[in-house]
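Consider the single chain below, provided in structure tokens and representing the form predicted alone.
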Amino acid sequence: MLQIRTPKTGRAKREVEKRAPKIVETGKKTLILHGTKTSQVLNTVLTEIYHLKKDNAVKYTRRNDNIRPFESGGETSMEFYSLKTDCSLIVFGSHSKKRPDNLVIARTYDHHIYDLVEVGIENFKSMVSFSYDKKLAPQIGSKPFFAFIGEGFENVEELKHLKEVLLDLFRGEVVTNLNLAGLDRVYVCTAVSSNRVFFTHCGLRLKKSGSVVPRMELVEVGPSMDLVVRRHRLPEDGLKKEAMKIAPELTKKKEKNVSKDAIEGKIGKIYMPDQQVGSVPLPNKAKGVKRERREAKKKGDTKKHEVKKQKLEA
């Protein structure tokens, strides 16, 4: 295991801060590993996955004899390399008579194996075998579209799990806003059967459509392959609950008596107590009554004054 040391230089401190947990995480890095034996097809697959994620991937070419996914103790080296390279996604390739052209995709949480999906590669076509206009070649780091075709991605447990893993592997950094002009690639996944998925990578060609939204055409740029699901392992309930926790800073506090409507927008409710007008006692001396008495009193004083004047004149 790695020895824990406190950073002493500024560069080491900055590196530790990069690996520290963040409220909003950056894009996931991918680690590509080779098993004891790999075929030519598998080597090409691993190389092209590395090229598709070149801006956010680490590739090791040395053979690893002690990595055996789905076996107890066989995942220790994967977790060690994940911690060493700070990668949360691992792609491991191996080839044997029992499982030819075998590809294992693993996700980690806190540098421990979270879940695993094992697929077999069949009918593989590399990027070199496709002829197209090189201007349509997707740019490194661009955001992709995903198209999952077939009911199997909603009904079959293995394909639902594979869909989640493929999204995590190829989607890159999560963003809130996206420029349509920067979209230049599509990953198309078609559920052929309950355990087979046709996977291909296409470039986008934008054409005029007479409206604001352009018309899109797909041009296959590779790689293309069939993914046959062999084994998969879902995460444990306790680990899944811990991984799905949301930071308190990101959770919005619930506003009381406030709701939102798509048409009316923000709607608020105001609660007022019952006004029991009948039981409220009225004051004996109202302002209006006092005013009338004052006016009457003034009129009475003026009349008395006129009477006294008349008596004195008489």
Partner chain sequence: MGEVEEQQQQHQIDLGNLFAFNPHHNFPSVPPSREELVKECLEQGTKLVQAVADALFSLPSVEDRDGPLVKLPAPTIRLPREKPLPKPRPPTKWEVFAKKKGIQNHKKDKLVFDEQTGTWKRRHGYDRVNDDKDIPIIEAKMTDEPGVDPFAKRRSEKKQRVEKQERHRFQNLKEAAKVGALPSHVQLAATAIPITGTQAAPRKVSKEELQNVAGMAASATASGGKFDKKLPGEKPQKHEKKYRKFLPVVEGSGMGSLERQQTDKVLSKLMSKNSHEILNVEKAVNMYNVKREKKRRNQPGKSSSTSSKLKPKNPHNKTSKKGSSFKGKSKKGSSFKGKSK
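Numbering follows the first chain given and starts at 1. Because the structure is a prediction, the values reported are computed rather than measured.
The protein also exists as the form predicted together with the partner chain; that form is not presented, and the subsequent description refers to it.
Based on heavy atom distances of 4.5 Å or less, which listed stretch (132-140, 194-202, 98-106, 67-75) is in contact with the partner chain in the model of the complex? It is the stretch 194-202.
Honest question, do Thr44, Glu48 and Gly93 all end up within 4.5 Å of the partner chain in the model of the complex by heavy atom distance? Contact check failed for every one of Thr44, Glu48 and Gly93.
May I ask you to check whether Arg171 falls inside a 4.5 Å heavy atom distance of the partner chain in the model of the complex? Because a heavy atom of Arg171 falls inside 4.5 Å of the partner chain in the model of the complex, the answer is yes.
Taking 4.5 angstroms as the cut-off for heavy atoms, does Gly10 touch the partner chain in the model of the complex? No - in the model of the complex, heavy atoms of Gly10 and the partner chain never come within 4.5 Å of each other.
Would Lys245 count as a contact of the partner chain in the model of the complex, using a 4.5 angstroms cut-off between non-hydrogen atoms? Within the cut-off, so yes.
In the model of the complex, Val156 touching the partner chain (heavy atom, 4.5 Å): So Val156 does not count as contacting the partner chain.
Exactly one of Met127, Val228, Leu83, Ile113 has a non-hydrogen atom within 4.5 Å of the partner chain in the model of the complex; which residue is it? By the 4.5 Å heavy-atom cutoff, the listed residue in contact is Leu83.
Where, within 158-191, is there a heavy atom within 4.5 Å of the partner chain in the model of the complex? Residue list please. Lys163, Glu164, Leu167, Asp168, Arg171, Val174, Val175, Thr176, Asn177, Leu178, Asn179, Leu180, Ala181, Leu183, Val186, Val188, Thr190, Ala191 sit within 4.5 Å of the partner.
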